[in-house]
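Coming up is one lone chain in structure tokens, specifically the form predicted alone.
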């Protein structure tokens, strides 16, 4: 197991270097650099002045050299300074990740138990009315994108007269003393809809995987043997079927973390929740190269780490799997 983890860490490091280099190259294309020069100096700069500015700030040095310097700074904890927020990038990313982490925590608290419960109930009696009803709900929730379900929830529950979430109707203005962003003052009223929007979308996919796995396990030979021995149905489900049925959903659940980190772009923008996704949009919209690169590092690391945890957890849940 240790050798397997070490090999995966080496692959993760190589993957992270390749992906961050691609992002570094894309953000340093000529149109982006020209736009950066005009934003930082003067929008009416001539081509000669733009070239002079880029030369003076080191953007004309070899790309690999600048990438190496950037990686060295990242290793030392120096992520640069944001050209939009005028603050150290490490401070911005850390703060925004905290907000998104809090949102992700509550989404997982709501989404995972609900999805597992729906999947287990549907898979226990395949083909029953309960199975068809819960499966239809799962498919509908998965087929509805966040920007659709989010708008529907806002229309249904938001109210400027003190309803569930008045802040979402007029972003950027104060409504009866309510903060302009949920991150300024997190309460149930301004936090419920973002959590519900993301939980509904991810819940259906996990529930469908759990239902399929549970239905397969319930037809296994050892389940039939337990029934013939007179073991009660609840005991069969809890003691014999549940652990094996959770092997496939475990991988899906771990893959929700990268989706939550990047999928919050739509939700945080829609609900003006100034977390990691909102910051990523601001960095891309304003050509904030340093901040955009740092956000890419975080996204790559989250994907790679969750995949490693998923592989290790899969082996732990299924002793028949052996790693090499």
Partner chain sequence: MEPLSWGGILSGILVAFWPVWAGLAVIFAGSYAARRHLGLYGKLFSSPIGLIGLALVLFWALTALFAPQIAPFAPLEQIAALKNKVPGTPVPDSGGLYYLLGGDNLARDVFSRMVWGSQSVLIIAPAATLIAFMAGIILGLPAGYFGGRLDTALSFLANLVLAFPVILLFYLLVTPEIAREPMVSLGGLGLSLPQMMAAVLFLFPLVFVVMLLRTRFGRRPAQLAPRLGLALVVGLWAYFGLAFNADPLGVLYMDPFLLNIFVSVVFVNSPTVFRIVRGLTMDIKTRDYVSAAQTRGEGPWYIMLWEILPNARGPLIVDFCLRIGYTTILFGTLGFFGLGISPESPTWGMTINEGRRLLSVYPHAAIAPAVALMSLVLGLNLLADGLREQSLKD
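These numbers come from a predicted model, not from an experiment. Residue numbers count along the first chain shown, from 1.
Below, we refer to the form predicted together with its partner chain, which is not included among the displayed structures.
Although its partner chain is omitted here, in the predicted bound form none of 130, 199 and 305 has a heavy atom within 4.5 Å of it.
Its partner chain in the predicted bound form is not approached by residue 71, whose heavy atoms all lie more than 4.5 angstroms from it.
Although the partner is absent here, residue 188 sits far enough away that none of its heavy atoms falls within 4.5 Å of its partner chain in the predicted bound form. The closest heavy atom approach of residue 11 to its partner chain in the predicted bound form falls within 4.5 Å. In the predicted bound form, no heavy atom of residue 94 sits within 4.5 Å of its partner chain. Only one listed stretch (115-123, 201-209, 76-84, 102-110) carries heavy atoms within 4.5 Å of its partner chain in the predicted bound form, and that stretch is 201-209. For the stretch 136-154, the set of residues having any non-hydrogen atom within 4.5 angstroms of its partner chain in the predicted bound form comprises 136, 139, 140, 142, 143, 144, 145, 147, 148, 151, 152, 154, in sequence order.
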